[in-house]
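Taken one at a time, structure 1 and structure 2 that follow are two forms of one protein chain, written as C-alpha cells.
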Structure 1
C-alpha cells in the first residue's frame, strides 16, 4: 500500500522555476539593466533571461490576476512572479517579445520600471481595508505618494541610487519600515480606551493581560466588576490587547497620525544593513490624499536626489554629512522625539550577513 501523507508542507520551489532558470541554477555570470524595468541575466551556458518588471497594486482583483496570467501565457511560457515590493516580473527567453509585452502592459495601465536607481513599488500593509489596529490607511497613502513620485519609477537617471519606500499602518510593522530608505509609519498616540462594562463579557482578563509585550496592563476592579487598567508610561500603542479583547479600543481619528523615518536599508554593498531613524514625529491623517505626508516624502526625495553622491543610499548619505546637516538641508525641526534612547539591539546585534570566524 502506498504511503499516504497528509502534512506535506508547501511544494518545493523548484517545481515553479522556469526551465531555463532550473537549467542554469547557480551558474549565472552577470546581469544588466538595458532600460528601465528590464533586466537581462546571462548564464555560463550563454542562455539569457529577460525580466520585465511592472508595478501592481497591493490588492489585485481576479480580473487583474487573470489578465497577468494571460500575458504570461502569451509572452513568457506562463512564468511570472511577484517581487517582495509588489512588482510583477515576467521571465522571458525571447528578446523579441520584450517590447510587445511592455506595450500590452502599458495599454492595460501598468507602468514598467522600478529597476536600478529608481523608486520601486512601495511595500505596504493592509490599512483600513483589513487591519483592526491600523492608525491610517495603507492603499490610499501609498497611491497618493506614488502619484507624485511616479517619474522616479519609470526612470533611472533622477536618483543617485535605488530608493526604497515602505509603509506600515501601525508600529507592529507588517511592512519593511524598519529597513527602508524612507519609511512612512502610522502611529497611535494614546493608550487603549477601556470599556469596563463590556470587559468581563467579551474578554478573558488573563489573556488580555498576557497579550501586552511591555507589561502595561494590570488587573483592576472597576465599579465592583473585574477589569483591567493600563499604565500608559509602559504602553507602546501596539494594539496587541485589542486583538484579544474588543473592549480595549485604540483607534482614534482625532489623534492617530503618521510619522516619517529615513536611512534604513538591507544592502551590504558599501555598509552594513541599517535601521530607519525618525525624521518627522507626526503628521496629520488627512484622507483621501494625505497632502502633508505626500509633500514631506516628496521633499525628502528631492533633497536626497540633489545632495547625495552617485550610488549613495539615503542612510549612507546621512552618515556622511551628519544628522545636523541633514536637518539643516531638509529644513525639518529637531525635537525631543528625535533623541534615541534605545540602548539595546541597535548597536549590539550584528546586522550584517558577513560573519567573521575566529580561530582559537
Structure 2
C-alpha cells in the first residue's frame, strides 16, 4: 500500500492556469463588459481573454461537473474557474467561440450573466439540504428569488449599481449575509426546547450555561437528572447553546421564518463597508416557493431601482434619503423590532436634530 500522505495542502494553482493567463500574469491592462455575462480582458501584450460567466445553483452533481469539463475541453483548452459567488467561468482566447459556448450553456440550463450593474448569484448556506440548525431551507429560497429576479441577472441596464443578495439559514451566517445590499436571513423565534433525557449524556452542562451571551441558562434538576433551564424572556434565539449542546434545539416549524435586511456593502468603493440593517423582521416559511419572501425582495429591488442615482448602492441610496424616507417609499412598517437593543444599541439612536420633514 502506498504511503499515507498528509498535510500536502491544495495542488498548486499554476497547474490549472490557461496558457494565456500564465503568459499575461500580472500584466493585465484593462477590461470591458461587451455584453452581460462576458468580460474581455486585454493584456499589455495585446492578448485578449473572453470570460464567459454562467450561473450555477452551487449544489452541483458530478453529472454537471463532467458536462462543464466537456465544455471546457470544447471551448477553453480544458480550463475553467469558479467565482466567489458560485458562478462558473470559461476563459476563451477565440472570440468566435463565445456565442456557441453561451448557446451550449443555455441549452444545458446554465444561463450567462451576472456582470456589471446586475444581480448575480446569491451567496447562501446549506439549509434543510444539509444543516442541523437551519430555520429554513436555503437553496429553495434562493432558487425562488432568482427565478423572479432573473431579468436583472441577464441585463446591466436595469439598476443604478450592482446589487448583491445573500442568504443565511440561521444566525451563524455561514453565508455571512451581514454586509449585502439585501440579506435574507432565516430566524428562530422560540427559546430552545430542552431534551432533558439527552442533556447529561450528550452535553457538558457548565459549558452549555456559559455559552449563553445573555445569561439565560441556569442549571436545574429535572426528574432527578442534572439538566438546565432557560429563562425564556432573556433568550434572543442566537442558538449558541445549540452549537455547544445538541440537546438545546431551536428548530420549530411553527415559529421559524425569514427576516430581510438591507443596505450592506463589502466593497470600499466610495463609502466604507456597511452592515445590512433590518427592513422586515419576519416573514413566514412558505415552501416550496416562499412567495412572501420573493415578493418582498422584488419590491425592495424595484423601489431601489426607481429612486437611487447612478453608482449608488442600496445602502448609499438609503443614507442619502434617510431611513424615514426609506420606510415611506417602501411602505414597510417600522416597528420596535427595528430598534437595536444589543451591545452597541445606543450608537444607533439619532442623537441630533437632523431630520428631513416630509409628508408621506
Partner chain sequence: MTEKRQTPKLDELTKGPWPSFVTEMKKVQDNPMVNDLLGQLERSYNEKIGHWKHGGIVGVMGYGGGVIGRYNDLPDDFPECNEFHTIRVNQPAGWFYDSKTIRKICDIWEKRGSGLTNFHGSTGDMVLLGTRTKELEPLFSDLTSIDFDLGGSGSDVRTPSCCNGKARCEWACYDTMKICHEVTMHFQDELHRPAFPYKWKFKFSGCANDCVASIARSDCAVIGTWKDEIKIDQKALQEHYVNGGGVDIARDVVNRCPSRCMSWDGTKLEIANEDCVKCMHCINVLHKALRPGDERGAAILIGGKAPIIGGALLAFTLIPFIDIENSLEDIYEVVEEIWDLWGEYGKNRERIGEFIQRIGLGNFLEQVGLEPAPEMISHPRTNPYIFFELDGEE
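Numbering follows the first chain given and starts at 1. We call the rigid core whatever largest set of C-alpha positions still superposes within 1.5 Å between the two forms. The model shown is predicted, which means the values in this text are computed figures rather than measured ones.
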Given the two isolated forms of this chain, which one is the form predicted on its own?
1
If you fit the C-alpha atoms of each rigid part, what angle in whole degrees does the small part swing through between structure 1 and structure 2?
19
Core-aligned, what does the C-alpha of residue 212 shift between structure 1 and structure 2, expressed in angstrom?
4.4
When only the core is superposed, residue 13 shows a C-alpha shift between structure 1 and structure 2 in angstrom of 2.7
